[in-house]
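For reference, the chain that follows is the form predicted alone, supplied as structure tokens.
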Amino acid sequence: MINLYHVPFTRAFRVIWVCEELAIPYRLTPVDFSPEYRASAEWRKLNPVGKVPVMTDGDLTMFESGAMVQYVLDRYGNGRLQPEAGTPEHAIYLQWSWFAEATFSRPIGETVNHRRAFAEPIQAVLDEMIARARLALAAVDQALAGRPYLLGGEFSAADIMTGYTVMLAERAIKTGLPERAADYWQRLQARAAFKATKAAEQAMGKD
């Protein structure tokens, strides 16, 4: 069974969501999120840079959430939630999946890292990161013109990857989401699997 070492609101959310969409079993293992534990030799054996999440599946151990999503799709998805590999549609699917983390999430994460690292954050640095996040959000908004999801009429795991980052952006960008992106975010939150993912996180907090 897939086992996810997870802290609520961190990136295993994407993997849980995929498992819920595919209706495949998984287990959540809470992690001590303190800097001390994440720097420990015990945790660094699972994730060498001390971050969360980590996923195991049998003898396999992984520590990058986007790769986890793709692994789960390829091993258990039976062609669901992604176009056929090698097609132009799959190329665009990969583009948005990687954009979500490599381009869109990065400046949002850097604002968090900057505030954590400096007692008196440099406002110009924060402003630059937020501007980059807004630019990425605008690209998502533009891609949604005339379509409910990033690949058109069909929901895919690219929407899971990007939807998680839209959630981060909504918290980081206080001026709100552009109209199409806001409507998109509402559609994603209305999905049964999204609601189940939120419920799984809430249940973790009660354990």
Ligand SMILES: N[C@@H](CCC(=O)N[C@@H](CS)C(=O)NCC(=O)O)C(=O)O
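For every residue, the number given is its place in the sequence shown, counted from 1. Source: prediction; values computed, not measured.
Form predicted together with the ligand: not shown, discussed below.
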Testing 176 to 184, 152 to 160, 134 to 142, 63 to 71 against the ligand in the predicted complex with a 4.5 Å heavy atom criterion leaves exactly one stretch, namely 63 to 71
task: Verify the flagged residues Pro53, Glu101 and Tyr164 against the ligand in the predicted complex: is each one within 4.5 Å by a non-hydrogen atom?
output: yes
* Does any heavy atom of Tyr37 come within 4.5 Å of a heavy atom of the ligand in the predicted complex? -> no
### Task
Verify the contact flag for Gln95: yes if a non-hydrogen atom of it lies within 4.5 Å of a non-hydrogen atom of the ligand in the predicted complex, no if not.
no
Across 9 to 28, the residues having a non-hydrogen atom within 4.5 Å of the ligand in the predicted complex turn out to be Thr10, Arg11, Arg14
